[in-house]
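The chain below stands alone, shown as structure tokens; this is the form predicted alone.
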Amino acid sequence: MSEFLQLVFAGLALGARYALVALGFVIIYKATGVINFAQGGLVALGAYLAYAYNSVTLFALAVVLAALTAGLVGAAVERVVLRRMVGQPVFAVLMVTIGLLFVLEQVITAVWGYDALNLADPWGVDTVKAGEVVLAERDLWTLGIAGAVLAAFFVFFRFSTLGVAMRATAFDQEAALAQGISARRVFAASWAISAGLAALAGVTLAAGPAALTPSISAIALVAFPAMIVGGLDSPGGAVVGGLLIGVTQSLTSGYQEDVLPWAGQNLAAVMPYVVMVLILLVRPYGLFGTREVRRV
């Protein structure tokens, strides 16, 4: 039982990182109707920015500065590139975001290279015992940071003027414009918040014993199923989907050799997509996504 609880705890910490990335996907999709394939590049950029800031200041301050800088980069990308694509076919906008991903990866490798870097290890390998369950302090901090950030986002989204404007624009863009809400401001804020969340996800992934390399952007490929599972337009669903995928991967890694030894060594990497397919077979719009209704 203690092994099961330990795996669930590790899965929740992993899923919290996925949730941060998946929420970034959902925010931009709700505001603009576009899936941002450059999200992985923003994750990597945020982690490398934290590495750069940490070389001259404290780790906590470096994380805050990295998130703010990534947010400014996200807003600038929306202002310089995406705003010019308003009214263009969705396929063209998607291709632009894919192009942005490759541009970000090239900028990162040009500045910091391909060698593995050591971001920081503020938590070490210390553990805390809760009964017979051993909890890594790194995972506790990850859950605490992710939980605080996600709670702050939902309070902002629910009660702030800009958050209400974002919800109104997502619900009915034309009606929001008629009420004097600036869609441009909402789009810029969506990109900035999404990039800031991506930076925090990148820091929680790269800090500690894990090395910082450009391949960190690949987390977006796992967060993508989390977003689909939760529902493409559901911020809360993105969090649930991220946690579900994280726990699934952790339990698969822990029990596969005993239960499914014939399935190969990379089953845990495939499980997010297996879960996604199974849920889409039952609920094509995800667990919490809005069901599209068409009247004829």
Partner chain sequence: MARPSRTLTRRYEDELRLFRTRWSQAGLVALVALWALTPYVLADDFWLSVLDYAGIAAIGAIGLNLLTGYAGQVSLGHAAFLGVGAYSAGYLGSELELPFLLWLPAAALIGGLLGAVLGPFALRLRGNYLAIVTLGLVFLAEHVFRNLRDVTGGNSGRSVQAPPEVGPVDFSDLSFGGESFSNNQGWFWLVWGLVAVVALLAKNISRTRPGRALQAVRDRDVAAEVIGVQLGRTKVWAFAISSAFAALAGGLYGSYQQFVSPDEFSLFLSIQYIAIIIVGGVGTIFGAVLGALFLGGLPGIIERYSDSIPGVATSAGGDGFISVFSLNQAIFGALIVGFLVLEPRGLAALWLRAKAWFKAWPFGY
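Numbering follows the first chain given and starts at 1. Predicted model only: the values in this text are computed from it and were never measured.
There is another form of this protein, the form predicted together with the partner chain, and it is not shown here; the text below is about that form.
Undergrad: For Leu267, is any heavy atom within 4.5 Å of the partner chain in the predicted bound form, or not?
TA: Because a heavy atom of Leu267 falls inside 4.5 Å of the partner chain in the predicted bound form, the answer is yes.
Undergrad: Any of the heavy atoms of Tyr114 lying within 4.5 Å of the partner chain in the predicted bound form?
TA: Yes - in the predicted bound form, heavy atoms of Tyr114 and the partner chain come within 4.5 Å of each other.
Undergrad: Residue-level question: is Leu68 within 4.5 Å of the partner chain in the predicted bound form, judged on heavy atoms?
TA: No, Leu68 sits far enough from the partner chain in the predicted bound form that none of its heavy atoms falls within 4.5 Å.
Undergrad: Taking the partner chain as it sits in the predicted bound form, is Phe91 in contact with it (heavy atom to heavy atom, 4.5 Å or less)?
TA: Yes, Phe91 sits close enough to the partner chain in the predicted bound form that at least one of its heavy atoms falls within 4.5 Å.
Undergrad: Looking at 243-251, 60-68, 27-35, 46-54, which one sits within 4.5 Å of the partner chain in the predicted bound form if you count heavy atoms only?
TA: Answer to the contact question: 27-35.
Undergrad: Among Val133, Ala192, Ala120, Leu100, which has any heavy atom within 4.5 Å of the partner chain in the predicted bound form?
TA: Exactly one residue meets the criterion: Leu100.
Undergrad: Within 4.5 Å of the partner chain in the predicted bound form, do we find a heavy atom from each of Val81, Met85 and Val282?
TA: Verified in the predicted bound form; spot residues all in contact, yes.
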